[in-house]
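Shown next as structure tokens: one chain only, the form predicted alone.
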Amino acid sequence: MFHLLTTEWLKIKRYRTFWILAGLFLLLMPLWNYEIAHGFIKMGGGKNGINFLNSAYTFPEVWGNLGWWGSIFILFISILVIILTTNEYSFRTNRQNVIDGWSRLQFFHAKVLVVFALAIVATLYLFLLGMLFGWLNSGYLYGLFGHFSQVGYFFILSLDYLGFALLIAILVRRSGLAIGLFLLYSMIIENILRSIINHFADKPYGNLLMLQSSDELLPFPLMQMAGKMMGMGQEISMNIYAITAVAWCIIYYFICRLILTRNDW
């Protein structure tokens, strides 16, 4: 396993697109949240406006808030997974790996390991940012481990998005089309499907769709707070959302495995 991951790293460590997309995630996450924490969005605007999001960066609320913004910026890493995978088909390096002695499953598992590695790094980065923002805005570490499960939820969300990106890349095999389909589904199609299902179902079963199930693990903090103030409880528990998101990841794995072992290269 380590050998597969090492080989993948040798492929991408000098790839400029990798560093650009990874850099966008690493730079924009703290910069954006810094601006939010310091009043970029204020009620009333101007210097006298009310910064109603600054409390979201104290312990323990910081984990959920960073997780929600992270669910947006993880799109950069998702696009990176698509590009890295489709490049294998564009430059025929997938065939070269097999010629060099890899099996098709080894090639596939190398991509799965990349997905896991990126999800782990993104989660560790979110944890470090949470420690920094929480300490700077709280002035203490009390409540550090409150709502800490949301860090785990972000890992599940990252796996869900990156796994879905890998599935789209293996299905389509063309970077531009795969990126377009991924963004179209994640931003438009799934929202339409979710709204239709929730409209006709007695419970919000549309929230259990592929990406939405993990999105529900990290709702926007202000909306969650407003729901609690109005006495609105969750119709579907977080445990169900987490199990569903993990189940989708397993489904992505087996679909990709089936495609790679049965289709022509």
Partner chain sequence: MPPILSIQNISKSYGPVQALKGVSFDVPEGSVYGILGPNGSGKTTLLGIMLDVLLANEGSFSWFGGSSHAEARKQIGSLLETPNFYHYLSAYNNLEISAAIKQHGLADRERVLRQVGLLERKDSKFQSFSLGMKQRLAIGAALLGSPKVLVLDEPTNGLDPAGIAEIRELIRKLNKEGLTVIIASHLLDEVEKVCTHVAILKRGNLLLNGPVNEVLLSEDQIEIAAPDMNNLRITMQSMPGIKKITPAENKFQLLCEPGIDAIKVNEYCISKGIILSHLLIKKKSLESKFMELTN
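Here the structure is a predicted model, which means the values were calculated and not measured. Residue numbers count along the first chain shown, from 1.
The next section is about a form of this same protein that is not shown, the form predicted together with its partner chain.
Colleague: For its partner chain, considered in the predicted bound form: do all three of H147, M238 and Y241 come within 4.5 Å of it, counting heavy atoms only?
Modeller: Negative, none of the three is within 4.5 Å.
Colleague: Against its partner chain in the predicted bound form, would S186 count as a contact residue? Criterion: heavy atoms within 4.5 Å.
Modeller: S186: no contact with its partner chain in the predicted bound form.
Colleague: Please run the contact check for R174 against its partner chain in the predicted bound form: heavy atoms, 4.5 angstroms, yes or no?
Modeller: No, R174 stays farther than 4.5 Å from its partner chain in the predicted bound form.
Colleague: Look up in the predicted bound form whether T93 has a non-hydrogen atom within 4.5 angstroms of its partner chain, and give yes or no.
Modeller: Judged by the heavy-atom cut-off of 4.5 Å, T93 is in contact with its partner chain in the predicted bound form.
Colleague: Quick one: does F116 come within 4.5 Å of its partner chain in the predicted bound form, counting heavy atoms only?
Modeller: It does not: once its partner chain is placed as it appears in the predicted bound form, F116 has no heavy atom within 4.5 Å of it.
Colleague: When its partner chain is placed as it is in the predicted bound form, which of 126-134, 95-103, 174-182, 187-195 ends up with heavy atoms within 4.5 Å of it?
Modeller: That would be 95-103.
Colleague: Quick one: name the residues from 3-21 with any non-hydrogen atom within 4.5 angstroms of its partner chain in the predicted bound form.
Modeller: H3, T7, L10, K11, R14, Y15, R16 sit within 4.5 Å of the partner.
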